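What follows is a single chain, given as C-alpha cells, in the form predicted alone.
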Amino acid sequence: MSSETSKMSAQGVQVYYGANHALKDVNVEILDKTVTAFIGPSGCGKSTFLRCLNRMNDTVASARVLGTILLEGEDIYDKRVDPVTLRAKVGMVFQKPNPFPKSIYENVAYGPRIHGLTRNKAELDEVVEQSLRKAALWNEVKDRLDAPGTGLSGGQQQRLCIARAIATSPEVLLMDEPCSALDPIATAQVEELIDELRSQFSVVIVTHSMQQAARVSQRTAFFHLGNLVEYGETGQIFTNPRDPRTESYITGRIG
C-alpha cells in the first residue's frame, strides 16, 4: 500500500531544555500523503516534538535533541545537513499568521528565490500562482499581488503563510496550531485546505482541538507529560484507545 510509506521516522527522540526533560523516548513513523495530528494537554511535548522535525529547536540555546530523526532515510541532524535547506523540505506554519512585511507576491516568492529554485521571472510567477492556488487564495488576491501581505484578513494571512511554506515544494508540512488565532469560518477553510494538501504532502498538525484532529487527520499521536502515549489510526484512537490515559484525555477527564 503506497499510502503506508513512511516519510519521516523518529527513533528514541529525547529533548532537554537545560535540565528539563521535555520529551522522553519518542518513536513514531510519519506517513507520506497523510495528515498526522499531535494532540495532548498544554505542555505535553507535542509542539516540542514538532519542532524537532525541522530543527527549530536548534534556535533555542538550552535545547538538546537526542535520538534519530530520518527524512526519507536521511538523518536530519547529521552535521552535513544545512538546517536552512532542511526547512525548505520540511515547511512550517505557525500559530499566529506571520507574513513578511512585503507584498503578497514577495511573501510566496521568497523561498524559491533564496533557494534558487527558479531560473527566471516567468518560472517564479508560475510558482507563486500555483502556490497561491494550492493554498486556495489565488482568486482572492490575484488582482493585488503587489499589496502588502499584512493587509489581508487573519484567515487569508494564514493561507498566505501556507502558500509561502509550500512554494519550496516541501516533502513535509508542519503546522503548529494553525487555526487557533482564526475565527470559525477561516478555521473551516484552513481545515478544508489541509485535507486537499495531503494529496501532495505529508502534513503534521499540532492541535489543541480534538474535534479538529478527528476531522482532518488519518493518524493521531497522543502526548502526555513528555511521553508519546499512543499513536495509531485516528478513528481507533478516538473510539477505541488502548491506553487509559488516552481515554481519560479524550473523554475530558484530563486536559
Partner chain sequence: MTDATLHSPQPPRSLLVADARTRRRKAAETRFRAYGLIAISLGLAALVFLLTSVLGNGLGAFRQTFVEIPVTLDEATLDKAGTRDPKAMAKVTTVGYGKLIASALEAELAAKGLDTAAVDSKAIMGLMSKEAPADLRNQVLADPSLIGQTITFDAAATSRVDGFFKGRVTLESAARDSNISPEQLQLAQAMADVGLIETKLNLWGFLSAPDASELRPEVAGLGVAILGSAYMMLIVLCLSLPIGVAASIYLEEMAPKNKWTDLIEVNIANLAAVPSIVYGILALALFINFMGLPQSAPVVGGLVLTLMTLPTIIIATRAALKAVPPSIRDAALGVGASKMQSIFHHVLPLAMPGILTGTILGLARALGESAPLLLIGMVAFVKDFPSAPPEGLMEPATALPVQVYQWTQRSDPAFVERASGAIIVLLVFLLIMNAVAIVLRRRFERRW
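Numbering follows the first chain given and starts at 1. Please read all numbers here as calculations on a predicted model, not as lab measurements.
Although it is not shown, the form predicted together with the partner chain is what the next lines describe.
Margin query: Residue-level question: is Phe94 within 4.5 Å of the partner chain in the predicted bound form, judged on heavy atoms?
Written below: Output for Phe94 is yes: heavy atoms within 4.5 Å of the partner chain.
Notebook entry, point to check: Should Lys102 be classed as touching the partner chain in the predicted bound form when contacts are defined as heavy atoms within 4.5 Å?
Noted result: Heavy-atom contact with the partner chain at 4.5 Å: present for Lys102.
Next item on the list: Spell out, yes or no, whether the shortest heavy atom distance between Val81 and the partner chain in the predicted bound form is within 4.5 Å.
Entry: Val81 lies outside the contact set for the partner chain.
Notebook entry, point to check: Is there a heavy atom of Ser180 no more than 4.5 Å from a heavy atom of the partner chain in the predicted bound form?
Noted result: Residue-level check for Ser180: no, no contact with the partner chain.
Check: Hey, of 163-171, 120-128, 71-79, 181-189, which bit sits against the partner chain in the predicted bound form at 4.5 Å between non-hydrogen atoms?
Finding: Only one stretch passes the 4.5 Å heavy-atom test: 163-171.
Check: Heavy atom within 4.5 Å of the partner chain in the predicted bound form: which of Leu193, Met56, Val229, Val28?
Finding: It is Met56 that has a heavy atom within 4.5 Å of the partner.
Item checked: Residues in 113-132 with any heavy atom within 4.5 Å of the partner chain in the predicted bound form -> Counting only heavy atoms within 4.5 Å of the partner chain in the predicted bound form, the contacting residues of 113-132 are Ile114, His115.
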